[in-house]
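Next up: a single chain in structure tokens, the form predicted alone.
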């Protein structure tokens, strides 16, 4: 494995690209652990395969899969999807994988953050996570991309960028003592500026209510283009999400991006609220050291947790009365792209959604 660079992306002229910029491809990890995914992960595998095939119609897709699941995954996925054998602890490549970077010449590098399963030994969602922590390095090695490896815990779902120097994040996540407890807010901001090549950081206090990732911003508020942000919303003032979203709306209305623009904010009404069923909870193995799945728990459902691929947007839907409005809103966001819906509940039961299980690789100077 290659030695990490000792400089920073900012000093080298590399930046995190916006998700709507052209991709070389998309990465996923095949789900299999039965203590997070119900019924031996078979429903989740069907959901992941659906997402992979949907994206593969628009751009190259690579799925990382364990040796034990390789034959099964190969049988379930079309030849349009590339498989690579790779060990992991679960299937959240947005959070354990690399953050790809690009420079003005079209060269690609990546940041290999430290990963501790959203909280480490005390409050992390599972143990061990050592294989997940190697995913970023392995993916960058496979792509022969040079890597930066700061001593800094960060998940890709905890940040969102406009590609022009602005970062969205939440205090609930990045300032939580289970990530980088020895670092001040100022030092955390330094890492974001240096490793994403950012100028402006917009801090939102919290994320989606009961989001087990400590309020990842990619489930809550994201850029859809420079100067425009979508925000998870509810009209129900008795819902705890109302206070959280209203608080964020006030901050976003007062914020300016790295280029001095005021932000246009579009509210996207949440689905549900959604809750896990007894049958869904009973289908998950109970294992010490892993967060249990319990019937009746509110799920952190959101339409913001979508994925922007080449020419399409992959949008999770939930057989919910708010689905249609979400599709219409996304059509307004992305009139030049096709909005493709996929069933979102099965991935949501595992703790995230479409954005959480994908990682984009920028086109750069590569040939598709």
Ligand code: KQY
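Residue numbers count along the first chain shown, from 1. These numbers were taken from a predicted model, which means no experiment stands behind them.
What comes next is about the form predicted in complex with the named molecule, which is not displayed.
Heavy atoms within 4.5 Å of the named molecule in the model of the complex belong, among the stretches 77-85, 228-236, 210-218, 241-249, to residues of 210-218.
This chain lacks the partner; the member of 195, 113, 118, 100 within 4.5 angstroms of the named molecule in the model of the complex by a non-hydrogen atom is 118. Between the options 149, 125, 255, 108, the residue in contact with the named molecule in the model of the complex by a heavy atom within 4.5 angstroms is 125. Judged against the named molecule in the model of the complex with a 4.5 angstroms heavy atom cut-off, the residues 157, 293 and 356 are in contact without exception. Interface membership of residue 352, defined by any non-hydrogen atom within 4.5 Å of the named molecule in the model of the complex, is confirmed. Remark: residue 94 counts among the residues lining the named molecule in the model of the complex, judged by a heavy atom distance of 4.5 Å or less.
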